[in-house]
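Shown here is one chain on its own, the form predicted on its own, set out as structure tokens.
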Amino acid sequence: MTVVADGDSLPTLPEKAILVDALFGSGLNRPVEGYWAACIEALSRHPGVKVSVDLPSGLFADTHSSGTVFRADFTCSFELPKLAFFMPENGPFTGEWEIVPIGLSPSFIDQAETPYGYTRKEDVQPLLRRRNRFAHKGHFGHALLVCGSYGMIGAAILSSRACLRSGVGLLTVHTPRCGYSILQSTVPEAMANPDRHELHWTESPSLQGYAAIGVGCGIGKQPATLEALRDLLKQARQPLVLDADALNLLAASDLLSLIPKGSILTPHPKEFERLFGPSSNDFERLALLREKAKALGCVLVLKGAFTAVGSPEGAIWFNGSGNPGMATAGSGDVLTGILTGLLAQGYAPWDAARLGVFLHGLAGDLAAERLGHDALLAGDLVDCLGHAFQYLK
């Protein structure tokens, strides 16, 4: 017997028992405390397989959970994912989750108003454009990537290769002179535009003729680089993709108001915190994501296990592709290249962000099928982008 509270006890359960948790559901309206909290804690410590029905007991569906929550290995939920499933703070409670239909009215679901969506294959397939037989490279846009610095030219290579694989017609890469020969030999399909400085980005190139611009991968945080970013933002009339050190420079300066409307920002959680301040929990950060996307008039891509894409109109869509193997150096550089390439081809920023994030994750899933999660490299995502496009078609 296991004592849980005030002499009450649970029966001894076999070590290999399968525990099915259905103590509390989505109707729970206050944190679990007292006897039931002790009971949940004791059951959570059991070594057997633990399965929760609809929601782990104690977990709130759409707000931060402050009480005791059952720690499931698997959650079998009904009809649609709960908002809580997409929050990193709840990963230890939900485990792996699956959705099963229970016969709720599809028409009612379609009419229900919500700012949240979950991007699946069928959501992005209609966004993908078909190529006309008589098309030429001028039909698919000219992209500019500003990336790389001494010791970080690999970021420029990864972003450039991904941009080209996304289908862009022409690509120019502005990089310090130390990266010129490297880029010309490793990415021959791209045009290289060397900065006057040997080691860092120090000057904004002319932006005329470019349909979209990606900035930030491996650029560093030198004072001269900050001034070059300032000049570029003042010139830019095209949508931008801002990532990595471009975001860190923005966070340390007064340049946020210069970002062109319709741009895409791609912070990971720490970059997001530097830009917009700390949040006490994941739900608060999600609300901040909506607020800042509206205020900036930009698309915000908060990268993570279920990357959240926030629109200027207040919608947030969580991404349904990707895997833990993508948590590796250079993965964000690949995403920047994809998004810049899609913008340059004329995709609207909101469509480019959802499609690009899904393709990025799908390429990771296809790569993981061959290589597993542990050995996955960012370059493998680029190599599998063509297969990802084919899968969607």
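The model shown is predicted, which means the values in this text are computed figures rather than measured ones. Each residue number is its position in the shown sequence, starting from 1.
Below, we turn to the form predicted in complex with a further copy of the same chain, even though it does not appear here.
Heavy atoms within 4.5 Å of a further copy of the same chain in the predicted complex are found in one stretch of 257-265, 227-235, 200-208, 146-154, which is 146-154. Using a 4.5 angstroms threshold between heavy atoms, Pro81 stays clear of a further copy of the same chain in the predicted complex. In the predicted complex, a further copy of the same chain sits beyond 4.5 Å of every heavy atom of Asp21.
Using a 4.5 angstroms limit between non-hydrogen atoms, Pro349 is distant from a further copy of the same chain in the predicted complex. Contact annotation for Asp110: none of its heavy atoms lies within 4.5 Å of a further copy of the same chain in the predicted complex.
A single residue from the set Gly277, Pro223, Pro188, Pro106 has any heavy atom within 4.5 angstroms of a further copy of the same chain in the predicted complex; that residue is Pro188. Proximity to a further copy of the same chain in the predicted complex, taken as a non-hydrogen atom within 4.5 angstroms, holds for one residue of Ala135, Ala252, Ala295, Ala287, which is Ala135.
Site residues Thr63, Pro115 and Gly117 are none of them in contact with a further copy of the same chain in the predicted complex, judged by any heavy atom within 4.5 Å. Along 354-393, these residues reach a heavy atom to within 4.5 Å of a further copy of the same chain in the predicted complex: Ala368, Glu369, Arg370, Leu371, Gly372, His373, Asp374, Ala375, Leu376, Leu377, Ala378, Gly379, Asp380, Leu385, Gly386, Phe389, Gln390, Lys393.
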